[in-house]
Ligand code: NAD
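Only one chain is given next, in structure tokens, and it is the form predicted alone.
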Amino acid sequence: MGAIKTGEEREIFYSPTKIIFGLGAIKDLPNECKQLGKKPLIVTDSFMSKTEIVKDIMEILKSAGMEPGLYDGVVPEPPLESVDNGVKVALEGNYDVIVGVGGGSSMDTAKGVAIVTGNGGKVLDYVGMDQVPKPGLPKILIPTTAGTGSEVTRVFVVTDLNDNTKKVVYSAYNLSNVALIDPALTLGMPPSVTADTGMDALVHAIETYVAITATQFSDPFAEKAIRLISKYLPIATIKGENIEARYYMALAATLAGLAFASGGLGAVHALAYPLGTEYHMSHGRSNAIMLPYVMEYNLPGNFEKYAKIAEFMGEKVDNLSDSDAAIKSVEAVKRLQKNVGIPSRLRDYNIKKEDLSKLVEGGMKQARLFVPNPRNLSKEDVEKIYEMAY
């Protein structure tokens, strides 16, 4: 159990108004749309817009008497312009419901389009904590990957290409009106995307579980997610048509999202962000690479919870001290990475050692994420972690 908080601290749990989860859940979309508005705008990327998933979504909405529009300008690690361009489409078409379909980039862009369309201005106007003055357009978020958990969180992240940094908008108004999670929509993910997104969900769960901001609400979600991912990610990666594995990975990603929406993240995300901006790695892959090295550094900050993580991941920890058991959590993560085919060294991605200073500089720009981390980090500590990862 977590420590009892005394004094003026409060524990807050954030979640969407409604979560619909299960095979065939996509059939509920028309009814949910009609309760929120009359004219939905589908927000997705150009690849997804050509798939049967989006075509079917457009068709079931049309069959229900609605006139859906399509904005497929989402790109990976979405830049500010991806959101602002979507806002133009929403305003010009007088759309009144946003339906985000796809991976984390589509979810985040959909949130941004909903917020800015309803509040005016540009997405940069709302960067930071609780800078959004009022609800934007209502939104339904439909993930087609099992990783980011963005469909149930109160944040979205965009890339500012002017200074090549990530900008984050935190607001309860980012929470979806409906998170519609149908595991069948993830069946088409290729192995590499399955592995990357699954490891992203694991990072969310682990970082939240050990964070100093973890709560009585976030811990159970994080624990369940870690257990499910450890068991089902290898199966989903090597046997993508296994519906049981897809079902529980979709559930795990959602649970991990609910955990970090209320419990916070940490240094893994901080040090992973520069890999995305500098080398255009997927968010999940960059998180996966940095996870074991940040964990190893963090162990003294929470031996007890890292020991629990080892247990959740199936390690034999009976009769071990917390510190010895905690080390096994790092070993378990490295083994999982190997099993899903993710190389865990920076050199494996053609990153030069002389580039580490650039990564350190980028990581230090995300120092806000050091605050909930279980161990403080100096610039020298960040340098050591990147060197370990190299």
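Residue indices: 1-based, along the sequence shown. Every value quoted in this text rests on a predicted model; they were computed, and no experiment measured them.
FYI, the form predicted in complex with the named molecule isn't displayed, but the following is about it.
- No member of the trio 308, 312 and 329 reaches the named molecule in the model of the complex with any non-hydrogen atom inside 4.5 Å.
- Not displayed here, the named molecule is kept clear of residue 221 by more than 4.5 Å at the level of heavy atoms in the model of the complex.
- Mapping the unseen interface onto this chain, residue 234 falls outside it, with no heavy atom inside 4.5 Å of the named molecule in the model of the complex.
- In the model of the complex, the named molecule lies farther than 4.5 Å from every heavy atom of residue 112.
- Mapping the unseen interface onto this chain, residue 77 counts among the residues with a heavy atom inside 4.5 Å of the named molecule in the model of the complex.
- Between the named molecule and the residues 254, 298, 186, 82, the one pair within 4.5 Å by heavy atoms in the model of the complex involves 186.
- Interface residue among 104, 266, 100, 263 relative to the named molecule in the model of the complex, by the heavy atom within 4.5 Å criterion: 104.
- Heavy atoms within 4.5 Å of the named molecule in the model of the complex are found in exactly one of 154-162, 314-322, 125-133, 112-120, that being 154-162.
- Applying a 4.5 Å heavy atom cutoff to the named molecule in the model of the complex picks out no residue from 14-31.
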